[in-house]
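Just the one chain here, the form predicted on its own, laid out as structure tokens.
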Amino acid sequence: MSIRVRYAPSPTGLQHIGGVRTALFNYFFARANKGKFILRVEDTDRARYSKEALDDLFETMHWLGISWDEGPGVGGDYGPYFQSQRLHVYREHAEKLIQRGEAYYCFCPPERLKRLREEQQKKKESIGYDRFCRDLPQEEVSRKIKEQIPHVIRLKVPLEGETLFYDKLLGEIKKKNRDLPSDPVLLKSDGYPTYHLANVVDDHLMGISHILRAQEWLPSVPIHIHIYRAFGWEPPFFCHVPMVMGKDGQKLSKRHGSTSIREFREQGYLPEALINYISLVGWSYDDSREFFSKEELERLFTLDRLNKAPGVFDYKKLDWFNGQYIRMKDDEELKALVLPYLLKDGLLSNPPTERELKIVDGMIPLVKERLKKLSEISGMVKFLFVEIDQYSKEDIIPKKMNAETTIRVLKEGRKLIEEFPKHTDEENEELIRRKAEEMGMKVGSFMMPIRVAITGSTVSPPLLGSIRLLGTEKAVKRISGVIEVLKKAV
């Protein structure tokens, strides 16, 4: 069988984790089976359509390095690939269903449907269409059409029996026909199709062999099965992948954190880290391996390794993955990645001066092991480019120390730093260790007020390397300034 899969987003919002995971699963399945990956834009919801969302779709796919074999900008034998450009196709097929006795014209005005819903709510009945127009006499239908009375086209859902279909992941699924939505609309009065009609018609005409999508679409399948049967078509294979959940077991949403790929991109996540981690939310290769390149996933992905249980999206785990991928970059690559953040945050001139670039070159090896996101760079190295205008008293005076002890530590540290240029880093580390021992302190405790005085933070890149980049003169000046502040507090 020739494998043909599709990603068919609706451009009504930014690309998010769940949608992109669906795209990746389809893309990897196609590549692993030497099939075709089609991108189709389901843009028939004109009220919610967004040009920004459409642009974001293309930008996201290009940023992730996901290319499609057929679709917008690429072409193909089954276009157009925008549903809004296929309205004549849907009208033609909706009329075919009427001719086959599988659908009917419904002339019920919105006011009647509203009253019907209100009555059903009052009686606590299930909400749904009452099939009022299902068996109208042909003469009446013809008259109303001739009079151009607004109408929709509805599917004739069987009133008895059950619908059965097989899902690759979930197995055999049965649904009683009386429990299905009663005769859903296929073609709206404005000529636009509903999701049900457009989805089935396009999947058939585009030769889609497998539908891989989230389980939230599972309730639509019985209706789609009836549409396939009404046309006399063979349905494709279905595989509904588990939902993406937060750690609280609820569907991933903004309350958990960022969900749009744009947000992750702006925060400084790498595309290879996102691809790797997202692919493991609901899929695994074995019980131990975690790191996969895009090229490896293009070879190794298989539906047999999908999990039935919902996938949990762990932001901390993503941070860990991203940090690992940052460390895989060579220094020049990482420099190119962090420069835009340093420029955006105003730490560098535009363009950067030679001196600034020299500092950036020196700091890359210092921050590489500590970065989890590229956006953290400015906070880590700000002290190298701008003066520290204020200090937190709680940070300057560590726990278990008072102002007098802190001043003594800073004075001893200042003496050592003044002599830094005469020694290697190893020798300076040894001198610091001896001084801390002499003062009856641990090295970390001894260095903390010195670190805060020089960097303005309790957390910083390796201090000795930072001092060399900053310059001993500036480092000594900052320590002296803090000593004067503390003297006033004593």
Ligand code: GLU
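What you see is a predicted model; the values in this text were computed from it and never measured. From 1 onward, residues are counted along the sequence shown.
Absent from the display: the form predicted together with the named molecule. The rest refers to it.
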### Query
So which of 259, 199, 406, 276 reaches within 4.5 angstroms of the named molecule in the predicted bound form, heavy atom to heavy atom?
199
## Note on the structure
Checked 292, 195, 104, 107 for heavy atoms within 4.5 Å of the named molecule in the predicted bound form; positive is 195
### Task
Counting only non-hydrogen atoms, choose the one of 71-79, 209-217, 377-385, 392-400 that falls within 4.5 Å of the named molecule in the predicted bound form.
209-217
### Exercise: residue 42 in contact with the named molecule in the predicted bound form, heavy atom 4.5 Å
yes
### Task
Would you please decide whether residue 9 lies within 4.5 angstroms of the named molecule in the predicted bound form, comparing each non-hydrogen atom pair?
yes
